[in-house]
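One chain is shown next in structure tokens, namely the form predicted on its own.
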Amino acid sequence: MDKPQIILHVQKPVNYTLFDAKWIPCSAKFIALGNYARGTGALQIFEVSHGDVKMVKEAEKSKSFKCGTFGASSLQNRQFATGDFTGKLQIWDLETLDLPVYSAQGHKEIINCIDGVGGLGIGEGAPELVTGSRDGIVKVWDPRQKNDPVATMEPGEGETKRDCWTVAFGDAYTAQDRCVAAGYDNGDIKLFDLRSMSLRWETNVKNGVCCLEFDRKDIKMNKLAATTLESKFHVYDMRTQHPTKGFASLTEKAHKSTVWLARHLPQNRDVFMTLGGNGSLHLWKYSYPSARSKKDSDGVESGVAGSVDLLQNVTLSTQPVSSFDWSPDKLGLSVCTAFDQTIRVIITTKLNTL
């Protein structure tokens, strides 16, 4: 019993398809997003108290929600940014959900993914959002600037547009430095440097990239987890970039199905959870090699990948897990949603001993 245990604390069935859930910072509340069968958007706020989950607020909107983030919000305002099925980017004040405080027609098609940085005291520099869409375009937004993105990354003339499934901010360790990683349905992973406005690195992992996440957004790039179809995930060591080989990485098979997500523990960047298409959760710990870089025969530095150990696994649902979010405030507390229209609050024990 020395190992961490993954315990289902409480589950709550809902009457809509769940796509995302996020903890509201500095609270015991979380927000769930999705779409009703009638094609409208569901936004509900729940509170965890006394071993139960109670809905405290809800709003139904004309368009279905796909994704959301608090990443660009201040801790005082706690405003929630969402991407919807029609390509709209909106920011909501949770006290008054009647109208968004910010709205922009971000993309021509569904916004698949969203991430934020520069808010919540995480990451240096301006608050920014990044969205990725089926239209193949990745856009960076400053919520203080209406309508127009501050950066747009799209395929060049003659290149085919690939469905962008995941975006993630990283490297935000100074007010100027910042990068965005984007993953696509054909297995492409692209790393855009927002300081030099250039493509810094790209690779292909042969299977659609479902999720990308840096272990921390607000430090010099350290590790990047990439999960894919065909039950594989990759962890890249982002400290050393070789001019031709790029970043060192490890590949692990897991879940015997699509690995939908990877989520790093906010209190320990070397512990992360992967979520599977078979409704399973796998808890991993990354171990660094004795030396993180080595010189090749030409004297050029290249990275060395570490290893991962499976600490615990549990199957909670028969359907794919659509979202997972660790509580930033309470170690081991998390919320996850699955396509069985159920929200689950989960407690993972013994994380402080790892």
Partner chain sequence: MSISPHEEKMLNLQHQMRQNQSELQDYLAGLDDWTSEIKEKEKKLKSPETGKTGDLPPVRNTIEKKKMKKKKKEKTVDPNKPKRISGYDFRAWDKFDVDKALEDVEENNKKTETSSSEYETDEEWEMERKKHLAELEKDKGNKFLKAGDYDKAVEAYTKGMEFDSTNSILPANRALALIKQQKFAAAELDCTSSIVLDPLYVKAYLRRATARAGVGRTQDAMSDYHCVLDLEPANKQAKAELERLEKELSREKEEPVQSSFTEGQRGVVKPVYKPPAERSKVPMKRIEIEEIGVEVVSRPQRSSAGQSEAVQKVAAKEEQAFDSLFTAKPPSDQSPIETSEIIKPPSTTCDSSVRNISNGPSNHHQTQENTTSITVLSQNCEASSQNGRHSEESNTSKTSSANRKATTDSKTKNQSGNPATRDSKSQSGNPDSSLPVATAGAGDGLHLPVPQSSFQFQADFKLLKNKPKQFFQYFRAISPSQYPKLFGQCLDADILTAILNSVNMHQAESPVDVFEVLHNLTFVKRFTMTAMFLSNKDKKVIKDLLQHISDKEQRTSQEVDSLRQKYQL
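Here the structure is a predicted model, which means the values were calculated and not measured. Numbering follows the first chain given and starts at 1.
Unshown form predicted together with the partner chain; subsequent notes refer to it.
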query: Proximity to the partner chain in the predicted bound form, single hit among 48, 316, 43, 67 (heavy atom within 4.5 Å); finding: 48
query: The partner chain contact at residue 155 in the predicted bound form, heavy atom, 4.5 Å; finding: no
query: The partner chain contact at residue 61 in the predicted bound form, heavy atom, 4.5 Å; finding: no
query: Residue 230: touches the partner chain in the predicted bound form, heavy atom cutoff 4.5 angstroms; finding: no
query: Partner proximity in the predicted bound form: residue 147 to the partner chain, non-hydrogen atom cutoff 4.5 Å; finding: no
query: Check all three, 37, 99 and 254, heavy atom within 4.5 Å of the partner chain in the predicted bound form; finding: no
query: Interface segment, criterion being heavy atoms within 4.5 Å of the partner chain in the predicted bound form, picked from 237-245, 79-87, 192-200, 210-218; finding: 192-200
query: Those residues of 127-162 which, in the predicted bound form, come within 4.5 Å of the partner chain by heavy atom; finding: 127, 128, 142, 144, 145, 150, 151
